[in-house]
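Two separate entries follow, structure 1 and structure 2, each one form of the same protein chain as structure tokens.
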Structure 1
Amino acid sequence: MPKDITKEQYSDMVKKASPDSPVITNCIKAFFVGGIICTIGQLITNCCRIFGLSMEQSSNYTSIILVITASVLTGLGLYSKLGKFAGAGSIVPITGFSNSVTAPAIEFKKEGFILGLGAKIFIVAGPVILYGVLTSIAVGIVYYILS
């Protein structure tokens, strides 16, 4: 009987048998969808500027409008379809953050408003906020010392 295959040998076999993700096509799709979302953001910002809002306010309004739009699209079941097509193109913009808050909220509401919706709403956004805040504190400490 031939010798049994080792884990290392098997790992090589698996690599050979498993098709790679179509990186090039995925990147092109991500580029266009991500680019379009940002362009829409620019359009909203420019409109806010026309109404005489400051740059700071305009970019806040832009975020808010994009977040609400993505949340509604998630509720309608359309954002997951966009995500399947665009990959990172719809994950990386702020709309992806909004989707990652709304999707678990909808999915886990059957487990109740407190421990279902209430707790699970942060399964993806929680780590984002946690590590974002931790990094900002580190940045703040360095900035305080230097200034």
Structure 2
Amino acid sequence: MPKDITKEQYSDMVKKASPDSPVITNCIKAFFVGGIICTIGQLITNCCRIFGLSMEQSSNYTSIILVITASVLTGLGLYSKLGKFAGAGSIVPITGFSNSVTAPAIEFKKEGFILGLGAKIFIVAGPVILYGVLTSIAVGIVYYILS
């Protein structure tokens, strides 16, 4: 930022250059796309139950199918289009986590298996896993103390 521009002037320039975000429309798209993904997951679970699997087995197969499907869609470049349309509606379900692991793996595969794929695969998902594990440990300790 040049020294002759004040912070207020810079803020005004940013506001003029930034497009207005249609918050309500974005929320509606996220709600419906996230709901559709979750409904597909429920349909998979119901189909598994019809074939005689237990609820635990059905849940496991549902997770596997959704993760693999999201990874394939990411590899084909379709999940990013869904993400641009739906925003948070595509990242909240388990499919978003699959996408966040698969996308960096595809992007960095040119750098090799060790420095590319191995080092970068958890660049987005790593913090989620780390804080999820730390939180579960903290909750487990609190639960152990209180019970």
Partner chain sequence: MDYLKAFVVGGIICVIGQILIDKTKLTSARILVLFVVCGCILGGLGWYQKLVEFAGAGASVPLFGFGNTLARGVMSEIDEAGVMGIFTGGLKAASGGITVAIVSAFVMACIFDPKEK
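Counting starts at 1 with the first residue of structure 1 and goes up one by one along its sequence. Between two forms, the rigid core is the largest collection of C-alphas that superpose within 1.5 Å. What you see is a predicted model; the values in this text were computed from it and never measured.
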property	result
Pair member which, unlike the other, is the form predicted together with its partner chain	1
Ser11 C-alpha shift between the two structures of 2 Å or more, rigid core reference	yes
Between the two structures, how far the Cα of Asp20 shifts once the core is aligned, in Å	3.9
